[in-house]
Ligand code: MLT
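The data below hold one chain only, encoded as structure tokens and taken in the form predicted on its own.
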């Protein structure tokens, strides 16, 4: 028996595991410290009332013979897929139900989609990058190339004359940098992928934070994207489902490589390896897309966006360079005096009792940057920014 030796090429532990260990060690030595966590992208506001009501109703359904549900369709129940179809239609994107697949969150599908692709495909990711894009390909042994994302291009790399690759990862609004592609930029990417017969894996997990009409919520707003892109989205950030787990993936029926339709391949993969998301969860998810649910969800998003503005205003007053904070729940902050990100992490933790995410955990170009999340309470955000002012002024 031989192990998958590609796992030996991974970093010894996941970025957020390292952060948790450092914070736990500090907390043990300083039990009186009031730590404000602004590192991971977890939410703090409870599920909205429309979702709670739907979840309770679904639990009742499971208690009665007439409405009990066992195994469901691996692609998702039509009531949820139809709701998502309507959500996209509001963005002038026409989807068939067959394009839509329900999963237990974007992270799972971003990793699992790789089952469809040959191991000798070359993968291209931006640097800095969400670690899951890299690690899941390292596990499979694929060649990975990096696109330079830095201050010079606003952390939004574009295809160049010498750009090559088979699978391109794009995330907009971006995690970790908060930068977002406008319509013209995404059009360039779609045209490039079609010309190169490449595939774009587009992560739209933060699309609900967009309030600029020139920034697409979906790559399928761009003509031709159905021929070259797969889109992932999650209700974790949209509706606070981090503890419930539900997301969706759009695999257009037009996508064909080597004479094989990726849509049918994904159906086959899911029916073999996945038993679907629970009926109860999907009923709660469907309520998100109701008129009442969407209003309640957007009220919560507005709360987090206000936190982002508070943070952005603070760093503007301090004269610091940062990205994000407006169409994104993240602030991508340039560390003062060229400090390295783990050093700045220690400074923030020990001097301000604030936990953020060191940019170097996302790639070489994050070495001197630091990510902060707006997914906390307004009270904690205000207090954190006062602490920041005291140590950075």
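Bear in mind that the values here come from a model prediction, so they are computed numbers and not experimental data. Positions refer to the first chain, counted from 1.
This next part talks about the form predicted together with D-malate, which is not shown.
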Assert contact residue (D-malate, in the predicted complex, non-hydrogen atom within 4.5 Å, options 107, 226, 142, 305) equals 107
Identify which of 282, 175, 249, 270 has a heavy atom within 4.5 Å of D-malate in the predicted complex; exactly one of them does.
-> 175
Would you mind picking out the stretch of 62 to 70, 36 to 44, 336 to 344, 23 to 31 that comes within 4.5 angstroms of D-malate in the predicted complex, counting non-hydrogen atoms?
-> 36 to 44
Non-hydrogen atom contact residue 130 with D-malate in the predicted complex at 4.5 angstroms | yes
Find out whether any non-hydrogen atom of residue 81 is located within 4.5 angstroms of D-malate in the predicted complex, and reply yes or no.
-> no
Taking the shortest heavy atom distance, is residue 332 within 4.5 Å of D-malate in the predicted complex?
-> no
Heavy atoms within 4.5 Å of D-malate in the predicted complex: does residue 206 have any?
-> yes
Judged by heavy atom distances of 4.5 Å or less, which residues of 233 to 264 approach D-malate in the predicted complex?
-> 237
